[in-house]
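Shown next as structure tokens: one chain only, the form predicted alone.
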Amino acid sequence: MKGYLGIDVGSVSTNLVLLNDNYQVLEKLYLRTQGRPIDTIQIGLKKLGEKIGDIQIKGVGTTGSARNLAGVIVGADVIKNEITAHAVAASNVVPGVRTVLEIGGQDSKIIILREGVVVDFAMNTVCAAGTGSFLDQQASRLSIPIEEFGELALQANSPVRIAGRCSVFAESDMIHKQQLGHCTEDIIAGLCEALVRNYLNNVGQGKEILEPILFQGGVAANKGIKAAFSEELDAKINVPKHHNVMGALGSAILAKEEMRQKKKTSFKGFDVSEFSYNVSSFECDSCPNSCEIINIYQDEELVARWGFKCPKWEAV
């Protein structure tokens, strides 16, 4: 059997997806990055290798904030940004999709497509109020499992209005509403609505949001957020089956397309999980740019370097 591997390494999660020739997902993994992207990639490859057994990897793609790092470690055939990967995955799942709403653990984005082409996008990487980590934090504070958060929001009779512009203000407002005696379900529903308002006012500001709309990312599992989006936009919100690994899915599709032109994959194999990797950095003082140079070593051999703005450090 042949497969195409997609890897999405973000600040919160590292996801792996294995596709077959018919674009069917054979296996997928969702792992917490926990600030250790190299270790998590190796753990993911080891687990995936044990799961799939005898399969030939024909191509590999990487995406996410650590896509270049992941590409060096595994031997990627194609390295693309998150916008491209998510757009490709969305178009594969829902042909003709025109709006992609994506909310992850640390950031959120919106992608506008017309006739299969990305014509506009926006990302929010600064404010935590519209992300999954904020929801995790509030669920923990309320002593509610995050898996039950969305269901409780749907049970609300009269959602309270939460100041969702800032995570600090939102938390203070939630505490105030609790002190006033509002029930937990109404507060949770209000928080979901506040998150959606914050997303649309910041990330979605000035965007033409048209159906079909796809909602993806880890937060898409939250039924309360999905319902809030549907009500606010007065539209049907589609959540794909593999919503939490769409970046990796898009990378796998891109790898499959790349291998139509490329004869042989650069994939280093699942033995990568056994290699020893080290990272070091230094600041170049040769000019006012003061570039921070990142070195990647595999078994003490320099295999990659980036961060420079001139050719001086193009060692490999």
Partner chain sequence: MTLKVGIPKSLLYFYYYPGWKKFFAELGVETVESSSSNKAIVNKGVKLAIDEACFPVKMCHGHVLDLCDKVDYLFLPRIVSVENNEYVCPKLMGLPDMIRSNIDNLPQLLTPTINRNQSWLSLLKANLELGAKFTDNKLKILKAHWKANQAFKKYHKDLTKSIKSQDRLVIALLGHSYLLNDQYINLGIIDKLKNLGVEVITPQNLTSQQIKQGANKLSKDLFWTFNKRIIGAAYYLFDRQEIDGIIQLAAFGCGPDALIGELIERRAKRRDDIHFMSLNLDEHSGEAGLLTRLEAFVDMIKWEVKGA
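By rigid core we mean the largest C-alpha set that fits within 1.5 Å across both forms. Numbering follows the first chain given and starts at 1. In this text the structure is predicted, and so the values were computed from the model without any measurement.
Although it is not shown, the form predicted together with its partner chain is what the next lines describe.
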property	result
In the predicted complex, Gly53 touching its partner chain (heavy atom, 4.5 Å)	no
Exercise: Ala87 in contact with its partner chain in the predicted complex, heavy atom 4.5 Å	yes
In the predicted complex, Lys207 touching its partner chain (heavy atom, 4.5 Å)	yes
Partner proximity in the predicted complex: Glu82 to its partner chain, non-hydrogen atom cutoff 4.5 Å	yes
Residue (of Val118, Val94, Ala227, Ile144) lying close to its partner chain in the predicted complex, criterion heavy atoms within 4.5 Å	Val118
Contact stretch among 231 to 239, 190 to 198, 110 to 118, 144 to 152 - heavy atom within 4.5 Å of its partner chain in the predicted complex	110 to 118
Residues from 267 to 291 in contact with its partner chain (non-hydrogen atom within 4.5 Å) in the predicted complex	Glu283, Pro288, Asn289, Ser290
Rigid core fit then Ser286 CA moved by 2 Å or more between this form and the one not shown	yes
